[in-house]
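Okay, so here's just one chain, in structure tokens, the form predicted alone.
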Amino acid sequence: MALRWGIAKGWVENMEFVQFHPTALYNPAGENPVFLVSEAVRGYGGILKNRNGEEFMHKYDERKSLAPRDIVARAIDNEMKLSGDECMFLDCRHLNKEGFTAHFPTIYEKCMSIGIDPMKDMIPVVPACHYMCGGIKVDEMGRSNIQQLYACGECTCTGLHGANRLASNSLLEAMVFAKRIAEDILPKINHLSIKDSIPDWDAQGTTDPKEMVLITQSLKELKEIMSSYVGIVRSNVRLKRALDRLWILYQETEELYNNTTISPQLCELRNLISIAYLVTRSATMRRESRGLHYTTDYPEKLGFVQESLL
């Protein structure tokens, strides 16, 4: 909404820094949103292994399964690509059952509900998209560059994260900035002029969509594009392919938006394509590996090319 292609012209920043949670529960039946197996399980003694029960984290970091989440996520992703397996595993079988269930009752119950006993079976895990470190650029009071538009929470770039996110900074981003925004608005809200003569939505010239499959299939394609080409590990070739395919999806979706009656599903798809473009374009501009942005073309820090997102 803040950016919306040259109309609102809100500033956005750091969209390439997308944090992945390394250990989402892998459920072949599919689940949305996915269930996250807390990193505290690794802190409690859970060990990452492959399907054969072999540890692998020692190949990537001396801290092994206790390495930071971005390193662990990349390691799991690489092991999956090397082996062709759809997941890796978190082994908790050696842990005390009473202690595990007391510390992680929800995780234990969730695993059991899909037929996995953490005390007898290794827990299948995959990395999952978790948190956006970038977003609408705001100042210390939550003000964007658009007059009277405030933002707080995960949609913003507050400066709290940099290229990665420390645990609990999301709480600061939501609560602290919400309070600051309220404090900034309260003294002047009674003196603001607010337009109240907003015209009704005009759907003249549009028709009801004949096939919802056009939207649902585009959503599937979008997820596949972002997972395959703009995920944990990136490259110039993958990002170029993603941009090419996103452009096609964008054109198709805009045609639907202009010619059919809008729906929540269509608006969501349109917004997701915009976000996907911003992430991919920002990743293309950052010609280095830093924090959550890792590219095989620039494994060492080489610099950042300043270009317009529009």
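Counting begins at 1, following the sequence as shown. On a predicted model such as this, the values are computed, not experimentally measured, just so you know.
This next part talks about the form predicted together with a small molecule, which is not shown.
Only one of Asn236, Asn169, Asn145, Ser83 comes within 4.5 Å of the small molecule in the predicted bound form through a heavy atom, and that residue is Asn169. Only one of the listed residues (Arg180, Lys97, His130, Lys223) places a non-hydrogen atom within 4.5 angstroms of the small molecule in the predicted bound form, and that residue is His130. Proximity of Cys152 to the small molecule in the predicted bound form: non-hydrogen atoms within 4.5 Å are present. Proximity of Ile275 to the small molecule in the predicted bound form falls outside the 4.5 Å heavy atom cutoff.
With a 4.5 Å cutoff on heavy atoms, Leu36 counts as touching the small molecule in the predicted bound form. Arg165 belongs to the set of residues with a heavy atom inside 4.5 Å of the small molecule in the predicted bound form. In short, of 89 to 97, 73 to 81, 152 to 160, 190 to 198 it is 152 to 160 that has heavy atoms within 4.5 Å of the small molecule in the predicted bound form.
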